[in-house]
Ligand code: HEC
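Form predicted alone, single chain, as structure tokens, below.
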């Protein structure tokens, strides 16, 4: 029966006669394309066949919003209750995305008689996906660019990583990276700011045309600031123009930004039992069904099943709802800044100030900027949300011990980071390095880089290995516990040596 359905799918896709719904495949009349989108296709089919091909394979090309709204139960993928009349009975094509809300986008330009904007934003997608866009707007990812560039301490670290370095006398001088370097390094994932700088005439196959010059474009960073001032891009996970559910559910999509060593999620997952099962059996799984049924569509989690997806049991009961807020199932923020801590209340972390007035969620002594972080009740609720996912494959005893081990790992890695920071603080106080409190930077000297490696790389590896149910050596020898203790020993030995040298020099004087 399954083979017969797949044959039907291939045949009907080729004929352009398919509509996808939660019930499976329904043979319908050809999905109508609006005259506006047809005008777009008549040119871009020849100019950009890869883009058009991706769109033709998308759900957007195969089912109208009106039909999608009729889906009942957990298979519903359109969350908007009302959709403009002009969109209801046509495929979601080029014009439906790139010409709507034209007045809201800076740089909207006349293109073949249509008012077109280049970058489609979450507010455009919200026409049909209101709930998802709203959830995403409350997500750390949507604010990823601002959380980096509007935090002077983080940008100081970025300056010493991606900036230009030059030797001046006996000292190294770092200058901030140029915009093009920033766009392909930190802002590749965090997102650029799209700014219209003017217009440029280009000679095309259809004659001379004016096109906007958009600074920061192209970029698919998850926290991109768009030309309508909205934040983020759905294309970071659902690659344009196919916007595939299957792609968003594959771990490779998350790998683009979460590969390490600062956020080693993908490589830890790959080495874990879950990743091993995906590598072995993933080709047999169904990544397109909505809802996604545990035990039928897949038998081990990917990133999406734990953090985003609506999951159901074989009887059709909802296990957890779909969410695009990402943190709904996360009590702990294990990315050390400089310690692991409860997740921030606001997705805009640039507003956080610790007791020293620094834009950090923790103090240097390990205590938290608690007024800006979620409370114990919210942490317990999110922990239960994630535990519900875990219990769809594991018994309660397994899940309880997992959490016990993980939260112990949070405490021990924070304790190690605290010891390292005490040593680093002694180095600063002794004048062997100059930090931010003395008019310098806590990141631009070699000994400071050794300190930041401890919490930015090694503590994070240990926590991710614990949080993701394995990862094996990543918790021990592969950037794990071996390295964190080694670096603390060397940090302490460096300080001891400096004091001995300093003491010897004072004795000679």
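Positions refer to the first chain, counted from 1. This structure is a prediction, so every number in the text was calculated from the model and none was measured.
One more form of this protein exists, namely the form predicted in complex with heme C; it is left out here, but the text below deals with it.
Note on contacts: among 193, 333, 436, 101, the single residue with a heavy atom within 4.5 Å of heme C in the model of the complex is 333. The contact residue chosen from 174, 428, 372, 211 relative to heme C in the model of the complex is 211, the criterion being a non-hydrogen atom within 4.5 angstroms. Put simply, residue 349 is close to heme C in the model of the complex: some heavy atom of it is within 4.5 Å.
Using a 4.5 angstroms limit between non-hydrogen atoms, residue 441 is distant from heme C in the model of the complex. With a 4.5 Å cutoff on heavy atoms, residue 422 does not count as touching heme C in the model of the complex; it lies far away. Although the partner is absent from this view, residue 278 stays clear of heme C in the model of the complex, with no non-hydrogen atom inside 4.5 angstroms. Comment: 309-317 is the region of 309-317, 363-371, 411-419, 166-174 lying near heme C in the model of the complex, near meaning a non-hydrogen atom within 4.5 Å. The candidate spot formed by 197, 376 and 454 is out of contact with heme C in the model of the complex: none of the three has a heavy atom within 4.5 Å. Taking heme C as it sits in the model of the complex, the stretch 78-116 comes within 4.5 angstroms of it through a non-hydrogen atom at 78, 87, 92, 93, 94, 95, 97, 98, 99, 100, 109, 111, 114, 116.
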